[in-house]
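Single chain ahead, by itself, as structure tokens, in the form predicted on its own.
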């Protein structure tokens, strides 16, 4: 772990390996809900289901966790027997290698300018309480992902765009909010909290508590 990485961890947080590039999993590790090294697939599944408040996608979570460290028979068997190696996700089958948002760099460091870039795709959303905040609806998330894919021309893989569909739209579904009209949006403030602070939005943390 780099010096900057260690300094960024608050006293109340667990350390997170730079080898874990997933912001949601990083927040779960930092909060002490998952192990930074190896975690049983069933525990990963159950923790994600509790945090998301959903119960119908356990099979999909297990399937993704099983392949996350590699597609070889040996890697698949190891994950089934030992668990998901959260500190070894980088450079795995689901790593987009710079074709994504780039809010976390290759060393797990938060890049504020990239999150500010994400915010340029957002618009003001009216909350049920009558206030407003910046957020991204699904069409705006899609526009942002298309721009990320276009930016990576020359180094991207064809599969990277499909991998994005399993990231940001799912994040919208899991931590998104409903605006005054009931439309789902991803709060830029929540994204900032997740990426920079390695913390889940309070409403998700309460489900895990």
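Residue numbers count along the first chain shown, from 1. On a predicted model such as this, the values are computed, not experimentally measured, just so you know.
Form predicted together with protoporphyrin IX containing FE: not shown, discussed below.
Taking the partner from the other structure, protoporphyrin IX containing FE in the model of the complex has a heavy atom within 4.5 Å of a heavy atom of residue 170. Taking non-hydrogen atoms only, residue 192 never approaches protoporphyrin IX containing FE to within 4.5 angstroms in the model of the complex. Protoporphyrin IX containing FE is not drawn, but in the model of the complex it has no heavy atom within 4.5 Å of residue 27.
Although the partner is absent from this view, residue 141 stays clear of protoporphyrin IX containing FE in the model of the complex, with no non-hydrogen atom inside 4.5 angstroms. Annotated contacts: 57, 80 and 83 are all free of protoporphyrin IX containing FE in the model of the complex [non-hydrogen atom within 4.5 angstroms]. Only one listed stretch (70-78, 107-115, 86-94, 122-130) carries heavy atoms within 4.5 Å of protoporphyrin IX containing FE in the model of the complex, and that stretch is 86-94. For the stretch 16-33, the set of residues having any non-hydrogen atom within 4.5 angstroms of protoporphyrin IX containing FE in the model of the complex comprises 21, 22, 23, 24, 25, in sequence order.
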